[in-house]
Every structure is written in structure tokens, then in C-alpha cells.
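Only one chain is included here, represented as C-alpha cells and corresponding to the form predicted alone.
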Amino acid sequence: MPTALAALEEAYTRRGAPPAAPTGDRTLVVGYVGADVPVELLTAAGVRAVRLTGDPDSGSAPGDRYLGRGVDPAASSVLTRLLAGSFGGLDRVVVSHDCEASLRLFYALRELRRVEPGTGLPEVYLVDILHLPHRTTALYNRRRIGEFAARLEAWTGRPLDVAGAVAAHDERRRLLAAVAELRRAVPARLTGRQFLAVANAALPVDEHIALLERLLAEAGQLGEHPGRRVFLSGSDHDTPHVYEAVESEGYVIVGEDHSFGELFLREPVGAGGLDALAEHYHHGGPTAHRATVSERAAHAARAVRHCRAELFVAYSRIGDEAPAWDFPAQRAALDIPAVLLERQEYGRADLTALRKEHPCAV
């Protein structure tokens, strides 16, 4: 039997593909995009859920045609893959309003389905969660969560087990937080690339929980990774390319603040109802697209201390400039060196500035 880490890494290679189902299984397959999709409700509905990801190694011309070149190329890549049928037989696509690129992807999918039905795109639904610190925003979000729950019930023809799903996802968060402590050890017991795989393994939540429990039980068998400790801030990383590039230089990524990493493991939902879910997503982690500069700087300072990072690296993709705006305040709040990798290509890392200012021998 492979180790739990090997099994999780293998499952990570299947990201973007619906979980395997028995022959004849007609369970609804729902792809989703964005950090604000309440995945607990997808689990509660009993659908097979898959977070859609891009592919930096494939062209994105079809997606660029509809979204333009000024949008985060990760969104264009997801659209290109949807148009090509790369995600298999999706029955629905759910998109959240976690950033401008996700919202534009939703509008493009909705219009393409309307005016070009030959594309074969599935029905698309928007979960429009907002993050302003107002009671009216909280009420708005509660209505949106309720509408999404009702739509899932209409799609599946069955009531949702919200309490059970929330409990399962909270348990997964708890276990992933414990796994994150292995990466924060000195020396680190997991690389950043390994943690990315562990956190984003393409598995149903119950199977994911079982493998996380095994991984923690096998922690004594893990190696040590003594490279220079990096906290990675900025753009999302829906593929391992940038992590692999950074860590190939002798660094080890011990923390990050994007939605495919540790940022969204901090707080459980707690109560198993729609009110608690709405509050949870209203107060999600301080990403570059929805938090103030001061909030981002304060979070960076706390997170860097927590993971005992030695170097802060801010990564900002072409078409995703928001992280670069935060960098001056983040650097001022830190007591470790910081470097900005700006206007990076999707899935690529030009490490010239890193090598020049903060070299690390492999």
C-alpha cells in the first residue's frame, strides 16, 4: 500500500477531473470556480464536486477570445478547458464572485451558453458573496446562500444534509491545520509543493479525511526539508508550477495566503446551518482581491511569525495586479527580507530578483 502522502499526491494529479463513479451512477457532477463557493453545500447535496483549474502548459487562445487579454490568465485557461471539454461530463458549473476574473468568467459562460449553444457548455450559476463589513452585506449574503441551497435541492431533487456536510468539512479543516504544522516544523517535514497536493487532492471529503488521518499517523516517516523558509503571498496557484520553480532553487515554502493554500483553513464553520455558512464566507480570509491593504499587511506579519519564515515573496501575475499593490505595506510590516515578483506569466516564475537579492544555494 502506498504511503498516505503518495496517495494524496497521486490524487492531486487528478485535480480538475470529476471523482470516479461506479458504472451507471447518475450522480450530478458540478464543477466550481472561486474561493467563495460554499463547498459544504455541494457535499450536502450529494453531488460529485470538482474545483476547476487551468493549465499553464496549454494554450488559452479560445478563452482569450472571449475574456480578452486583460483578465487573469488562470480564468482564460479554465474557460479554454471548458470549451475543449477537458473536464469531462460536467452537468453544472458554479462560479463565485471572489474576484473580477471569476465574475467575468461567469458572464462569458452564461452568454456563450445563450448565443452559442453548440459549445455544449453546462448551465452556470453565480454565488455572489460580498465582503463589506456591514449588516446589509451579511443579510445579502444570507439570501444568496439560501438561494444556492434551494437551487441545489432543485437540481438533485433531495433535501440537503447541511449539518453533516459542515461537520465533515470542519473535520477536514482541522486535519489540514494539523498537517500544516508539519510544514511549519523546523526543519519542515513537508515542502510547499507537497502541502499544496495534500490540501487540494481531488477526493470526496470523506476519503480526504481518511488519508489525512493516515498522513498524520505516518508523520514520523516524513523526511526533512531544511531549505530557506519562504512565505508566498499574492496570486492564487491552482497548479504546482510556481511552487516547484521556487523550491527547485533551495527554498521551502512554509506558508501562503491564497485560496488553494493554508489561508482558508483557519476557522471552522461551527454550527451546521445556513446562517453560519453565510457568516463564514462573509468573513473569509484576507485575499488580495477583497481585503484592505492594512488588513493584508497585518495578516502577513502574523502569518510570517507563525510559520517562522525567513523570506517573504509576493507573487503577482499578469492580469492580477492587486497583490503588487499590497506589497509596500506588507514589506513595512515585516521584520524579514521581502521581494516582489511582479507581472509574472501564468504558471511561471521569473526568479531573477529573488536570486539577485536573496540567493539560496541548493
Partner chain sequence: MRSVKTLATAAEAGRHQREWFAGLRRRVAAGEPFALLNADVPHEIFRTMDIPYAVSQWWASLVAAKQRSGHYLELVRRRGYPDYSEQYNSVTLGSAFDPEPEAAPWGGLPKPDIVVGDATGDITRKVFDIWGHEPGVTFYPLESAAENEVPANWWELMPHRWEQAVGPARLDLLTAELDNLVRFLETTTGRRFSESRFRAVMALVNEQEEWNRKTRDLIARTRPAPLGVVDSIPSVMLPQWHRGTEWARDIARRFYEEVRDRVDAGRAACPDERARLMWIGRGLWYDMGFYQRFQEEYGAVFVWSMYLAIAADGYVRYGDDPMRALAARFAAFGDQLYTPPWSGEWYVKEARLHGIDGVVHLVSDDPRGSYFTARALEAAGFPVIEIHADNVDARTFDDEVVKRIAQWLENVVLA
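Residue numbers count along the first chain shown, from 1. Being a predicted model, the structure only gives us computed values, none of them experimental.
One more form of this protein exists, namely the form predicted together with its partner chain; it is left out here, but the text below deals with it.
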### Task
Spell it out for me: taking its partner chain in the model of the complex, does every residue among Cys99, Arg104 and Tyr125 have a heavy atom no farther than 4.5 Å from it?
yes
### Query
Given that its partner chain is left out here, which of Gly88, Pro159, Gly120, Pro133 has a heavy atom within 4.5 Å of it in the model of the complex?
Pro133
### Query
Using a 4.5 Å cut on heavy atoms, which of Arg214, Arg143, Arg184, His241 is close to its partner chain in the model of the complex?
Arg143
### Summary
The stretch from 233 to 241, 286 to 294, 218 to 226, 166 to 174 that lies within 4.5 Å of its partner chain in the model of the complex, judged by heavy atoms, is 286 to 294
### Query
Hey, in the model of the complex, does Arg65 get a heavy atom within 4.5 angstroms of its partner chain?
yes
### Query
Are any of the heavy atoms in Pro328 no more than 4.5 Å from a heavy atom of its partner chain in the model of the complex?
yes
### Task
May I ask you to state whether Glu310 is within 4.5 Å of its partner chain in the model of the complex, using heavy atom distances?
no
### Distance check, Arg69 to its partner chain in the model of the complex, heavy atom within 4.5 Å
yes
